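One chain comes next, on its own, written out as structure tokens in the form predicted on its own.
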């Protein structure tokens, strides 16, 4: 029953807002549907944590500690982003960047986007997983192009083409997976059910699974933003509305990586080798290094933090590629820390760019004077994402790097160099934005940045102390990934 509420609420919200989203109460309705989705996710999480994995609806849906962790994280960030978007999108309308019709499109597409991601996370069918990822892509194309400027349309088109080509590769990988499973499980939908595939993974044809994983890694890796398949991500972040930047970085990249990990579990069992892990380590390390050096060249604040997302998702991919209980635990922890911190940063950046009237970092100065709430939110978010203790990103990065030192020492210099370059580049660019001199007057009112400090408070808490039940939850999920 919980799964129907979880998926039905945002879908119904999308339909409702598409029909009546032009009314003045649409932002509140969007936030209400997001809250109800979050409560349904909490309900489902409590049941899975207390009672174990759930296989329901004729085996169409499967929820275990790994994906229910991502369901809870997705629903929470979606809710706080909906809260942030209420004042943000109204200011955009007041500035003339959006009209009533586009706001209706925004609110309805937002709910459909959340519904598609939750379907991808909970489905037991690898084919439905692909379909839901495609649905999420189509929903975000509409959101990225919301402003209808030439740059926004170009970014949306690039996003659609690159992710469309990528998702086509994932489809071919899924077809190969079915081809291998059909010989063992027989024809029909059962051959694509992950739970059945997991039971017979050691009987699947290794060469076919090897080829299938390559296509799925390239396909879903495009959605993750792994280099060199990352070109869509900075443009989509820079040109789309800031709330969409928050959910793209904080949620969609995680869902795409989830699809890769479900595939990796099957391939590891079929091959009995580290082929899948080695590929993920290679793509992850390349992403970390390339993004770190590209950050230094950025002049647009949203593009800079978009490249930061590529860097951190590369780090998570590298951790999952190493495998093992500790590396998987660190990867799950880093996914949590990145989602909470990066969404908080984009919330602060959104109000900063609105108050300054530009996304160019050279035009944003003295936030601590014009609006201390924005200034401190951006500064604290920046030091958190850069891995400064005691924030939780430090703990997850420390676990990843020390594990790499022990198991893959050759990669450690590349990781440390890239993290050092990213630290110097981002901190050097954000510091004058917050503390630089400015002649602008103080804002007459403080923006609503409660989601920023709620997220950063959670990141700080998890950096100081991980509750035992949460640590046990992470360990269960890590073991499911092959730890």
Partner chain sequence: MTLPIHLQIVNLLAALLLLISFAMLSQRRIIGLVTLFAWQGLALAVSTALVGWATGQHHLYYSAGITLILKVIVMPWIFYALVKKLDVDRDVEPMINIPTTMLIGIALVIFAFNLALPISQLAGTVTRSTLGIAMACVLLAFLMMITRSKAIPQVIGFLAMENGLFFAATSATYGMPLVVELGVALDVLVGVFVLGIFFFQIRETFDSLDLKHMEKLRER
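Numbering follows the first chain given and starts at 1. Since we're looking at a predicted model, the values are computed, not measured.
Keep in mind that the form predicted together with its partner chain is not shown, yet the notes after this line are about it.
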For this session: From the candidate stretches 263 to 271, 70 to 78, 408 to 416, 208 to 216, select the single one in contact with its partner chain in the model of the complex, where contact means a heavy atom within 4.5 Å.
Result: 208 to 216
For this session: Evaluate residue 60 for contact with its partner chain in the model of the complex, applying a 4.5 angstroms cut-off between non-hydrogen atoms, and reply yes or no.
Result: yes
For this session: State yes or no: in the model of the complex, is some non-hydrogen atom of residue 397 no more than 4.5 angstroms from a non-hydrogen atom of its partner chain?
Result: no
Exercise. Does residue 148 reach its partner chain in the model of the complex, with heavy atoms at most 4.5 Å apart?
Worked result: yes
For this session: Look up in the model of the complex whether residue 297 has a non-hydrogen atom within 4.5 angstroms of its partner chain, and give yes or no.
Result: yes
For this session: Select from the listed residues 279, 386, 142, 322 the one whose heavy atoms reach within 4.5 Å of its partner chain in the model of the complex.
Result: 142
Exercise. Of 174, 222, 336, 359, which residue is found within 4.5 angstroms of its partner chain in the model of the complex when only non-hydrogen atoms are counted?
Worked result: 174
Exercise. Is its partner chain in the model of the complex near all of 154, 178 and 303, within 4.5 Å of a heavy atom of each?
Worked result: yes
Exercise. From first to last in sequence, which residues of 208 to 242 have any non-hydrogen atom within 4.5 angstroms of its partner chain in the model of the complex?
Worked result: 208, 211, 230, 231, 235, 239
